[in-house]
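The chain that follows stands alone, in the form predicted on its own, written as structure tokens.
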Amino acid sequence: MNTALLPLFVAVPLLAAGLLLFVRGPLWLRRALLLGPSAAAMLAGSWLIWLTRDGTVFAHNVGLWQDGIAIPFVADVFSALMLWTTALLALVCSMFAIATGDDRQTYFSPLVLVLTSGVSGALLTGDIFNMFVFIEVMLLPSYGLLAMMGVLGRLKAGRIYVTVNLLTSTIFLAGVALVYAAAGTVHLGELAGAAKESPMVAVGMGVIILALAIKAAVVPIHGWLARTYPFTSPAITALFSGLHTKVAIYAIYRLYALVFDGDAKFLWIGLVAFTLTMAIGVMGAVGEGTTRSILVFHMISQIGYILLGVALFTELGLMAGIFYLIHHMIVKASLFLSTGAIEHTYGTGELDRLGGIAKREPLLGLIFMGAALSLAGLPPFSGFVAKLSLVIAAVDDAQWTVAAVMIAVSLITLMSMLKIWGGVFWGKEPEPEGSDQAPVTAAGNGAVDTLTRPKIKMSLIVPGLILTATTLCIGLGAHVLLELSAQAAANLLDTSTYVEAVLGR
């Protein structure tokens, strides 16, 4: 493979974003420029997965500059899986945004493309400082998207989002400075195992992982997520859910494996924090009354599941965690998009103002039910394999309490999904508040009850359908993703191939 092609994952969406600032029409061309880079990234990601499935690692220094000056790009099967999945989510969420008309906002498409460019850079970089830079590239357009799209309350949510992320970025940068002061480098290849040998590097890396844990919404620093994600548009909520916190989770896996070399003496901290994240997240969902607020709290709970893989740091635990990460990104976006289609059409996501959707929209009901069962961990969907393998990994490591909490949280998750099902998809349609209401405008800017409810457009249903079908296919052919996840876990346990590639030795 020509490794000089790796930076194209970052450059192509940036170029398309730049073109969109000048192309004012026609609309089909603007939409092609929005969808094209994600579709191309999916194809390139598939190719990269094929090339790295045997453990091969590719690395390239941009401009062929020397280490310490160049931006290093590194790709193994873990980063390739993440690139493919993030490209799929960017593509599907953009399709949903086109269906809702969100993309007609002048700066929507350029901001989404810059965001995806930052995500790809953060997944590929082999340098901690450049990881910080690419995460900032990812976050800057997010501030605009959150403030620009959504319902009343989005400006308050935007203030919280900006404040938390600025604080977190400052913590991250302080950690980078500490690491550089202690080790004289921020290059991942040169930092391999350094935190295990140097207490100062361990402190610096601990600060960085703290910042990443805030970005990932780990308990007790999770409150910002529930106060921001429900207040933007459904397309942006789904996009953020699949990209932002997952980049932070990916970085925690990568940095702990490389720089800490999986040091066992800190793993108990992760086991406690991530088990609490599972339990408190799902309990927070119990008292919520809207579809998105319930799903956001479940997202926090599921983040605990994913990170348990790195806290176990066994071959089985890492494999299960990586499988769970890919599964969760797809399923959670599907749930946000299927309920978002209802919210966009009927103007509300409140459970007590909806009902009977399954009778009116049986296909949408099936899509939601499939994704909900997958989230709860029931067969034949990918969630069953993900949770079963993670429970086995915990039992194999004699973490009986953690395994018991996983099973209990799964049952509560199932109950919460049934709560949405009972409130939104089943039961009677709510009585109209009066006979003289105006027709539904589908603008998504206020709850409206009408005597005659509109049908949900197929273009709003298809994105969720694609993702639910994907989780079903992963569940039925789980061995494919399990083998890829196992190779990714092997690369994290033995980082020598990664280090040799990134150092060019």
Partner chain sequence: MTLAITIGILVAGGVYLMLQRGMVRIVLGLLLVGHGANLLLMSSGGVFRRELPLLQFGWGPQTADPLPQAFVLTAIVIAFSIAIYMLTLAASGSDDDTEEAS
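Source: prediction; values computed, not measured. Positions refer to the first chain, counted from 1.
Beyond what is shown, the protein has a form predicted in complex with the partner chain; the following relates to that form.
Heavy atoms within 4.5 Å of the partner chain in the predicted bound form are found in exactly one of 383-391, 83-91, 100-108, 167-175, that being 167-175. Interface residue remark: residue 426 is not counted as part of the site for the partner chain in the predicted bound form, having no heavy atom within 4.5 Å. In the predicted bound form, at least one heavy atom of residue 133 sits within 4.5 Å of the partner chain.
Looking at residue 266, you'd find every heavy atom of it more than 4.5 angstroms from the partner chain in the predicted bound form. For the chain shown alone, residue 159 is a contact residue for the partner chain in the predicted bound form, at least one non-hydrogen atom being within 4.5 angstroms. Between the partner chain and the residues 408, 366, 283, 155, the one pair within 4.5 Å by heavy atoms in the predicted bound form involves 155. Site annotation in the predicted bound form: the residue of 144, 189, 347, 262 reaching within 4.5 Å of the partner chain with a heavy atom is 144. Of all the residues from 18-45, none has a non-hydrogen atom no more than 4.5 Å from the partner chain in the predicted bound form.
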